[in-house]
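As a starting point, one isolated chain is supplied in structure tokens, in the form predicted alone.
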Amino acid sequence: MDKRRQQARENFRKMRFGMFVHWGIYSLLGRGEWVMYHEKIPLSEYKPLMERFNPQLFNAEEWVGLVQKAGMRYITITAKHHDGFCMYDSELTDYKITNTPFKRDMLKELADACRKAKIALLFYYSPLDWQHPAYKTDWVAYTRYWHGQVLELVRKYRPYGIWLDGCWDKPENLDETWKLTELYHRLRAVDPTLLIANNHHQKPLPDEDIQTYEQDLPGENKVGFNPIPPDDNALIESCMTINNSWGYNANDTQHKAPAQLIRILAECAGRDANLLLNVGPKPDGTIQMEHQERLIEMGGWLRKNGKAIYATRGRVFNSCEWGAATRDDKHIYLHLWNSPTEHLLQLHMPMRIKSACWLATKAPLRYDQVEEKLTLHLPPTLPDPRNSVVALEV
């Protein structure tokens, strides 16, 4: 593997927390990104949405500012979803944002803002396309089209990575059908450091860097999208929503509590995975306030406890009924939200512990270690009910 790509992979692993953005003309209907498919809206009615799309309140620097406040290190945004509409100025189609009343190239503005703030930017792209006539009639022509668009995105905007979603529509002979290895080699000829993810729900191909889990923790398959266990050679990422929707859904008010989101982030890191947490901007270009408030609270927690998330590794213990665990070269971090019986946490610890303290305040914590048995004496009430982190110096 190219050393530059290896370094990009390691940097991505250290980021641990990113923002997923599902945004397109479907936001005008406020019923999610699959609205065209689920409601069987004909193209003759759906495509004219572009004539109304004019998100005058979109501000790339404000989005990036929210990412920074949340403690996120990267953004993955929909350049094209399954409806086929392009959120950038593609030279290969007229069905794009620069042909709307908005006229501006949103992806370019976001790419510039990310570059200025040193936030990594990845592009989601759907090979599945509900509107392109060649998708059902001329596979060779369609393959040339979608390969051309992905190459165009990399050449034009120089993203940190490409995140594909939709190859599950034709799962048989995955690589041969979609010509994935061929595309990956062409992409790496343009940018050897480019990271590639493909949410095809199968074992990662050799040229894919990121294995992603949808609405689930790595290694679990509660939602039925993730039958393949984590691959030892892949970067692992879980993509999840704040409510139950990816694209803007005005009626979805089932927003996860900040404490739940903080714990999900810790559980992902504890499984050696990144969390890609989704927002679905409104048609005016703003991110709904319920999501902003939760992201800002997560950022506040990270400012005190980020050492237990960023640049850490997971898989410290086989199970953590009390929470989660991460580690770096000098510390083991215990993320606690389920207080154990009698407030005593007992762990098998073959390494000698030099000290124990609450990470957020540096206040010391009483502990006993006899041979390989470590006992932590916890207070009756954890200092942060959302997630209290103990730093063990080893």
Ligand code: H79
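For every residue, the number given is its place in the sequence shown, counted from 1. Being a predicted model, the structure only gives us computed values, none of them experimental.
Not on display, but discussed next: the form predicted in complex with the named molecule.
With a 4.5 Å cutoff on heavy atoms, Trp337 does not count as touching the named molecule in the predicted complex; it lies far away. In the predicted complex, the named molecule stays beyond 4.5 Å of every heavy atom belonging to Trp23. With a 4.5 Å cutoff on heavy atoms, Ser90 does not count as touching the named molecule in the predicted complex; it lies far away. Though the partner is left out of this view, Trp322 does not reach within 4.5 Å of the named molecule in the predicted complex, counting heavy atoms only. The listed set Trp246, Trp301, Tyr74, Tyr135 contains one residue whose heavy atoms approach the named molecule in the predicted complex to within 4.5 Å, identified as Trp246. Note on contacts: among Arg366, Lys330, His38, Lys354, the single residue with a heavy atom within 4.5 Å of the named molecule in the predicted complex is His38.
Considering the named molecule in the predicted complex, the lone stretch of 176-184, 305-313, 159-167, 262-270 in range is 159-167 [heavy atom distance within 4.5 Å]. Three-residue candidate spot Phe17, Phe123 and Asp209; no residue lies within 4.5 angstroms of the named molecule in the predicted complex by any non-hydrogen atom. Scanning 209-225 for heavy atoms within 4.5 Å of the named molecule in the predicted complex gives Glu214, Phe225 in sequence order.
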